[in-house]
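Starting off, we have a lone chain in the form predicted on its own, written out as structure tokens.
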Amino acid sequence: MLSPAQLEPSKERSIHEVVGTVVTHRDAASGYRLLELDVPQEALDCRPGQFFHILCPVDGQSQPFLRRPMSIFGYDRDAGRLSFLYKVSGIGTAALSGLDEGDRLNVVGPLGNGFTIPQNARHLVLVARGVGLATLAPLAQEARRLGLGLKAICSARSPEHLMSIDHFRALGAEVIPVTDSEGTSDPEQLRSLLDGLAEADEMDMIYTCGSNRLLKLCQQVGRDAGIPGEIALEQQMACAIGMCQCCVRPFRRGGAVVQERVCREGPVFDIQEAMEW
């Protein structure tokens, strides 16, 4: 077991193709679905930030050709459960949304490199919007296991679009909801909020996922306050194991721009190295 307050960089781990059984599948928020699977134990050597490659069902109306990468929303090794939170947005997720309890689903994973927590970290801050909250949810689970303080800044268009609020609170996080409709999610207010946490010594590490706006904001705060951070990136993929080069994108490193694969070197990267898209 890892020592308290430490989540080290990912080591080489086994990748498994398994068939899981749908335990629950329900609406979670506007346009989003929560899918929970019963899977074999070998597929549950997971860490926050990793993902699975899902073989979406094929039927007369939906015939997705490629697998779909999907971030892990939650995992429970003792119960043998693996869950995903996704938005119905295309052929693949539309096909996935038709699964019922008892149906079977083929998944490959866990894949990629996950988040890290520095040895001396005591206060973690998560900043995400929309489905990006699903990617960060396992960090809350890990923070509770390690006994760390956690604040989750959850952004959405309106209160009814906020996701995972109860889930984060149940894991012991202090949830700070911000929304467009209430005028609390603009960059200036978020910057003030994050600066206040840094000044109060309540932010040792910052994590985000998703939008360019949040990326730029977290980069600026981290750079000015000397606080490290990580970002989980989303990218279209074909193979998800690094062979097809479909998910390559640029990063700033050592004064140069380098090209790396989101599926293999990521999907989690140093926040200061990530470039806008």
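Counting begins at 1, following the sequence as shown. Computed from a predicted model, the values in this text were never measured in an experiment.
Beyond the structure shown, there is the form predicted in complex with a small molecule, which is absent from this document and is the topic of what follows.
Enquirer: With the small molecule left out here, work out from 228 to 236, 22 to 30, 36 to 44, 211 to 219 which stretch has heavy atoms within 4.5 Å of it in the model of the complex.
Expert: Residues of 228 to 236 come within 4.5 Å of the partner.
Enquirer: Using heavy atoms and a 4.5 Å cut-off, decide whether 51, 86 and 92 all contact the small molecule in the model of the complex.
Expert: All three within 4.5 Å in the model of the complex.
Enquirer: Can you pick the one in 198, 131, 105, 117 that has a heavy atom within 4.5 Å of the small molecule in the model of the complex?
Expert: None of the other options qualify; the answer is 131.
Enquirer: Taking the shortest heavy atom distance, is residue 185 within 4.5 Å of the small molecule in the model of the complex?
Expert: Answer no; every heavy atom of residue 185 is more than 4.5 Å from the small molecule in the model of the complex.
Enquirer: Give a yes or no for residue 71: in the model of the complex, does one of its heavy atoms lie within 4.5 Å of a heavy atom belonging to the small molecule?
Expert: Yes, residue 71 sits close enough to the small molecule in the model of the complex that at least one of its heavy atoms falls within 4.5 Å.
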